[in-house]
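One chain is shown next in C-alpha cells, namely the form predicted alone.
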Amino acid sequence: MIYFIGAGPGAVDLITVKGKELLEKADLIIYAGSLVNPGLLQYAKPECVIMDSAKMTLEEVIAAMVPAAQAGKLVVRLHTGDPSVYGAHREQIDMLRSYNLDFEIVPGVSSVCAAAAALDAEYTLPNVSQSVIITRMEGRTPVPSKQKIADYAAHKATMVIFLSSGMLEKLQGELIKGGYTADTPAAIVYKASWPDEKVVRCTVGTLAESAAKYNITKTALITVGNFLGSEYDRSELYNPTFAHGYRAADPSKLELKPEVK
C-alpha cells in the first residue's frame, strides 16, 4: 500500500494524527527533502528506509515505490503541505495505476492555512473578499491562458501566491497591471509555522523592497488583498438580528461592532 501524505506546512506537530501514525508504521518513506521538515522523520521506525526525493526524478521515485509496495511493504510518499496544492502527486498516481497498486491520499494542513494563522488573518471577510485565489507567477513553467496574475488580480479577491518570492518585481507589476493599487495591503510569510518563520507586512508596491530588506528569496507565500486591512462588515451568522435554522432573530439585542486595533 502506498500513502501520499501531506506533511503540513512545516511545524512537526501540524501533521495529522493519521499521517503521523502511518509514518510510524512505514517501511519506506520518500520525502520531499527540499521542503518537508526533516524532524518528521523522527516518527519512523529504526529499520525504515528513508529516501530524499529532492534529487530524484519522477521515474526514480516510482522505481523505488513500486517494488516495495509489490513486496507488501507500507510505502509513504511524504509531500509538503497538502498534496493537492502544487504537490505533483497526480502524475505519480497515474503511473502507479498502471501497476495495479493500491494507494491512498492523506490530506495535510496547507501552508495557505499556516500563513493566515501567522498573519492572525481571515481570508474571507464580509464585503471585502469572499473568494481566495491560490496561484503562482509564470516562470520556467508556463501557466494557461487567462490564468496569469494580472487576470486574477482583476477580481480584487484575496490572493495567495506560491512559488513566486524570487520574482517579486515582476509580480508587483502584474498585480498592478491587473487592477490592484500600489498601496493595496500585502504580506510575505516566510516558512510559515517553522521556528524561523518571518512575517513581513507591506503593500503591493513594496513587495520586492520588503523581501530584499529581510533577505527573503524563496520558501515564502505572498498574500494580497484588503483582508489585511481593518475594514469589514460583521458576519450575519452570529448577528442577533439575523435568523437561521438554529436560532431565531432577536432585534432587541444590541448588535456589537468588532473592535479593530
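The structure displayed is predicted, hence computed values, not measured ones. Residue indices: 1-based, along the sequence shown.
Keep in mind that the form predicted in complex with S-adenosyl-L-homocysteine is missing from the display, and what follows is about it.
A heavy atom within 4.5 Å of S-adenosyl-L-homocysteine in the predicted complex is found for one listed residue only; from Leu163, Leu101, Ile93, Ala121, this is Leu163.
Shown without its partner, this chain lists Ile30, Ala211, Ala220, Ala26 as candidates; in the predicted complex, only Ala220 has a non-hydrogen atom within 4.5 angstroms of S-adenosyl-L-homocysteine. Although the partner is absent from this view, Val189 contacts S-adenosyl-L-homocysteine in the predicted complex, with a non-hydrogen atom inside 4.5 angstroms. S-adenosyl-L-homocysteine in the predicted complex comes within 4.5 Å of no heavy atom belonging to Leu74. By the criterion of a heavy atom within 4.5 Å, Thr80 is counted among the residues contacting S-adenosyl-L-homocysteine in the predicted complex.
Residue contact with S-adenosyl-L-homocysteine in the predicted complex: Thr158 places no heavy atom within 4.5 Å of it. The stretch in contact with S-adenosyl-L-homocysteine in the predicted complex, judged by heavy atoms within 4.5 Å, is 189-197, chosen from 189-197, 60-68, 45-53, 229-237. Contacts of stretch 1-37 with S-adenosyl-L-homocysteine in the predicted complex, defined by any heavy atom lying within 4.5 Å, are made by Pro9, Leu35, listed in sequence order.
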